[in-house]
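There is one chain below, alone, in structure tokens, taken in the form predicted on its own.
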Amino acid sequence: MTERIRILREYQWARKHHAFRQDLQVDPSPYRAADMPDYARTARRLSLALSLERPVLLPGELIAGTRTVPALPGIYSDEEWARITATHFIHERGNVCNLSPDYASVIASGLLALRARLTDSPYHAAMRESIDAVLDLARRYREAALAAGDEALAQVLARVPAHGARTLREALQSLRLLHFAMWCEGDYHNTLGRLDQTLMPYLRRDLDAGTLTQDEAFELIEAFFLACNRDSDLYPGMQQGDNGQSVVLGGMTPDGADGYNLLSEMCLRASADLRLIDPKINLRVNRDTPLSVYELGTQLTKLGLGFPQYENDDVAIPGLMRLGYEERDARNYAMAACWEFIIPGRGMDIPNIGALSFAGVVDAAVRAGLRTASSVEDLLQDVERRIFADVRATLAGLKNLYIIPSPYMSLFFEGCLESQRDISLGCRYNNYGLHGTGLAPAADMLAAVQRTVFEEGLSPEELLRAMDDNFQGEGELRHHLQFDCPKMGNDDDAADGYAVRLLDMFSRAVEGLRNERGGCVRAGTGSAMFYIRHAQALGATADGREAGVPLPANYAPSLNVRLDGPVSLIRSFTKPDLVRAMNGGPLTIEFSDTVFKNDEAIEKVAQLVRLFVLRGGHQIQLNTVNRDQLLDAQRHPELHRNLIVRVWGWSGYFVELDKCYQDHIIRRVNLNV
């Protein structure tokens, strides 16, 4: 870390740049005229938002762009929005989100080249207004740089994002402003995509020309990463840190080459050096990835950043092709805000539109049918019926989708400019994704019923009564269910076999289904925030879990179970056919920070990740935690402001989370292996 970066990092960490934020009372009437089309409203709002931005240059910064207007009113009044929501399905906030724009093409061409292709049509007028607003912001930043005597920055801003970038610094500055404007348009969870593939041509050109050294390039990467952390508290999400600023490194390129390069390594080292929550890193790997790459990723895990998250190309690419993605697109996949597979510049997938509760389905089947079942097979027939019914009911509720248009975002997606069709209406891929929560607890429930009722002779009435009473007065039975029965995560087919069958049921339940936009439905192993919501709807369950105890986040063992070790855990969670779970959802493993007591531990943990990949795992993510530190952070948050934790598909600062998420993370520590 150079002295320049260190000073800027400390400046940002002290939140001194927040002093530039403006407390504005904005009149929304300029973009809420009753006769103004929705896409025109969005463009006018973006124009207003950027016009109100005050150019700010922080001390010594190399990549400019700091938000000064925290928020603007939406494009609809409350009454208008109520009328829309009364007749449409609205996903989350109703905005375009969780997409991976094609930054590479726009950085290479510049906004003026896109502007030259626009006609006089009303929709193109909205695109033109959006482009002009971004160019005007860049102009005002250039003037501020000149006033501050920063000729180098002024020259960069004179070039980008109006024209195509020629250097690494120009490309990074262009990306910063292009991405900045998307938040101001109202879009959110817009990822940074395959950053190393986007930027490597510029780095190579600079190095070959001798105009930049590797050390200077590394400083630029760190400056850009600092810019990503500058305003992340202003980006909407479930919690602070859930802002969608993820990047993808490595992986197969569309033409089949290995995409891991010098810039991939620089990004990993920059994250380790800065130790900040953004950007969240996804590292694409395969069976031939060298152990040294896993070791570099494990260095970040050791620091407790909660990333990288690993994606296995050997599973993901054929899995996406199986769903109908073209081979070049499947090879070019990126990640959504958390873990879902999306296609840059071509995908309008909504990968988190709903969720199936494996735990809820199995619990319902146990409660409804255990008294009359002659075997677990009888219960499984009902479980399958319920899974199919749940999936279809979910899809039936997703009719007449409305998403607020985004003419600026549409510039970054294939065909939108030419067809004058907003990205909110769809693109090449328009698939829906369903999460699957509580797979391990569901398998554990079935294994416990098999062991206690059908093998040991426990009466169904006794088990159901104990569950209804939340195991009050039944401590011995609860202990037996929780600790003596088979559990997924211990390489025991008595539990793992049920997980294989449950995920197979989910995969078959979505096959052949189409949504109203013509897209398919993808099954997944992730949870998002549903691990909290679905647990709240469950009483005590047959695996010994008491009412109120949360489900595990993502694809992970039940909380507070006894595990035999990480190898057994990986063996269990690679038994299902994960090629058919292409909505994603990583195996999440918690490690005590004591694991990393020597350098040898880095290699051992890296080998575990590689084992998961070699056995056909799709995604894996590791956390390093310290229970005592987390508890102290709850008591004394002012002493732990920089404590980073992984929540579900993203990392955030522990002290900024709601207590329910803090408590879940503390409870997960008991899983460390």
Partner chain sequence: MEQGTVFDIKEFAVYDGPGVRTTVFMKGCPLRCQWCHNPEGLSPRPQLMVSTASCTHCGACRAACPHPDAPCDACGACISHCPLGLRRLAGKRWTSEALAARLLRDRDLYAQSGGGVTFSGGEPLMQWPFVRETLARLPGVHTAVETSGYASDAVFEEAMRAFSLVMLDVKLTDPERHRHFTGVDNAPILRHARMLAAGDTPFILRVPLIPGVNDCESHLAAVVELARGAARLVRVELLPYHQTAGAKYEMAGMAYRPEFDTAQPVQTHLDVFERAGVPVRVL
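Positions refer to the first chain, counted from 1. The structure displayed is predicted, hence computed values, not measured ones.
Beyond what is shown, the protein has a form predicted in complex with the partner chain; the following relates to that form.
Shown here without its partner, the chain carries E476, D491 and R571, all of which come within 4.5 Å of the partner chain in the predicted bound form through at least one heavy atom.
Among K604, R54, R627, R32, the residue placing a heavy atom within 4.5 Å of the partner chain in the predicted bound form is K604.
Exactly one listed residue, out of T372, S292, T594, T87, brings a non-hydrogen atom to within 4.5 Å of the partner chain in the predicted bound form: T594. Note that among 406-414, 79-87, 104-112, 483-491, the stretch whose heavy atoms approach the partner chain to within 4.5 Å in the predicted bound form is 483-491. The partner chain in the predicted bound form comes within 4.5 Å of no heavy atom belonging to D215. Within this chain, P566 lines the site of the partner chain in the predicted bound form, having a heavy atom no more than 4.5 Å away. In the predicted bound form, the partner chain sits within 4.5 Å of a heavy atom belonging to E600. Residue contact with the partner chain in the predicted bound form: L611 places a heavy atom within 4.5 Å of it.
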